[in-house]
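Single chain ahead, by itself, as structure tokens, in the form predicted alone.
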């Protein structure tokens, strides 16, 4: 396909040289924005201008167990709890296929996560496929809800992460995912992951040059397959910490790269994505809050459209439900911040102060009652704002204890998805058929 459009292909080397002209033509057809819809069909996202949305980090191998305090492999039961929890988090706009249950065959782990998400939570899903074969069933699950290819294109309910391999590579799986998604107008987010000083130049500018090349190559593949196919200009780059041989997602330089490529993506006329609001810490601790809140703040101020990362620990390898509850509050605070400060019946100001001098307070003034909920973001109980005496009277709970209480309460209060039973049954039949292909006689039992 690339050769047919004028790219120089060196087959013996597996090299493709994409010309400026090909890139320019692709940029002419790539959409400046697109919308996302929930399972029911209601619009939830408008990826345009500087609109900001948060989604949990995706595809973690582990989960942090509250009871043991240890990192362990997740199960279906964990995933169901996660989906129910996300359905109740007001400032997390979409769900992701956050971690990989280990109680099903690995060949269905991608589609199974999407299936559970569609079953338990109405929010749209950021997901991905690790095999070419997985795409078919993941597409069919979406078609079961939208009915037709045209219906899915009109109201997309997922974004698939498609990841080039640094430096400057596309695997068979990920390049095929780009083509398949483009053919069905399923939005993709390109997640280039150059590592500064290891798999990319050590300078931040050099890393950005490589990130741009890797991402634009994906844009070209997408637009040559189906001009106008929706994309997010995204990534998950990091610096390489030579002291520990790690890729710190919470490093300030990593966050700087994220904000910088967001500027490049917007300059090129595309909505953007970034893995930035997450932490390298191993527990829900001060480092976790520092790195996640700093990333969320920078990302929101930069106008990154789809901010990925809440809930994640340990270099993108672990999800924590307790951290997700805390991060939901971080997201709420940053969303309030970017609304800014605006006058609301503040001029002329003299009547306010005359009332204040007369009453000695403005607690129940008309102005206060009208604008209190607009002006103040009031977080949930996971954030401690009580005085010391009240905090002690209420049990003197730690942040982790408060977050766990929040998890239990929100999961318990979860309202079942409004997806009709016949649609749920169709999803289950598709998933059971796929499981049988790989020797599973049944799917794990799921408590409703």
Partner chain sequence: MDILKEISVRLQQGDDERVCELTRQAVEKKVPPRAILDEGLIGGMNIIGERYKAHEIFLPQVLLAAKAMYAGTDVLRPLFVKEGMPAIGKVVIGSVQGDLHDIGKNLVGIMLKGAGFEVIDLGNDVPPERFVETAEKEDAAVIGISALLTTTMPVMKRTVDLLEEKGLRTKIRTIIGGAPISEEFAKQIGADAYGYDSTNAVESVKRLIMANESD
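Quick caveat, the model's predicted, so the values are computed rather than measured. Numbering follows the first chain given and starts at 1.
FYI, the form predicted in complex with the partner chain isn't displayed, but the following is about it.
Only one of 159-167, 260-268, 338-346, 356-364 lies within 4.5 Å of the partner chain in the predicted bound form by heavy atoms, and it is 356-364.
Only one of 67, 43, 398, 387 lies close to the partner chain in the predicted bound form, with a heavy atom inside 4.5 Å, and it is 387. Of the residues given (369, 242, 205, 286), 369 alone sits with a heavy atom within 4.5 Å of the partner chain in the predicted bound form. Looking at residue 350, you'd find every heavy atom of it more than 4.5 angstroms from the partner chain in the predicted bound form. In the predicted bound form, at least one heavy atom of residue 393 sits within 4.5 Å of a heavy atom of the partner chain.
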